[in-house]
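Consider the single chain below, provided in structure tokens and representing the form predicted on its own.
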Amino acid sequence: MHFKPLIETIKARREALRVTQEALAELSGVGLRTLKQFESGKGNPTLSTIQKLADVLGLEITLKIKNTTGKK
């Protein structure tokens, strides 16, 4: 899964701050069901959803675009 490192980072930060899923959902405006699906590796969160979670947790999102076709 390509979201695994992102999921692990967000979940670890949430747990380190001792924030429950319910509290994070409320603070970020992300649905609890959406958050639970994301943390369990299910679903396909939007960039907006990820940004909302990161903002509450004090994380910065950096987007890296990689050319995998070999063409320049």
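Each form is matched to the other, and the largest set of C-alpha atoms that superpose within 1.5 Å is called the rigid core. Numbering starts at 1 and runs along the sequence shown. Keep in mind it's a predicted model, so treat the numbers as computed, not measured.
Keep in mind that the form predicted together with another copy of the chain is not shown, yet the notes after this line are about it.
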{"property": "Heavy atom of Ile50 within 4.5 Å of another copy of the chain in the model of the complex", "result": "yes"}
{"property": "Residue contact check: Asp55 to another copy of the chain in the model of the complex, 4.5 Å heavy atom", "result": "yes"}
{"property": "Residue contact check: Arg14 to another copy of the chain in the model of the complex, 4.5 Å heavy atom", "result": "no"}
{"property": "Contact of Val19 with another copy of the chain in the model of the complex (heavy atom, 4.5 Å)", "result": "no"}
{"property": "Interface residues of 24 to 49 toward another copy of the chain, as seen in the model of the complex [heavy atoms, 4.5 Å]", "result": "Asn44, Pro45, Thr46, Leu47, Ser48"}
{"property": "Rigid core superposition, Ala16 Cα moves 2 angstroms or more between the shown form and the other one", "result": "no"}
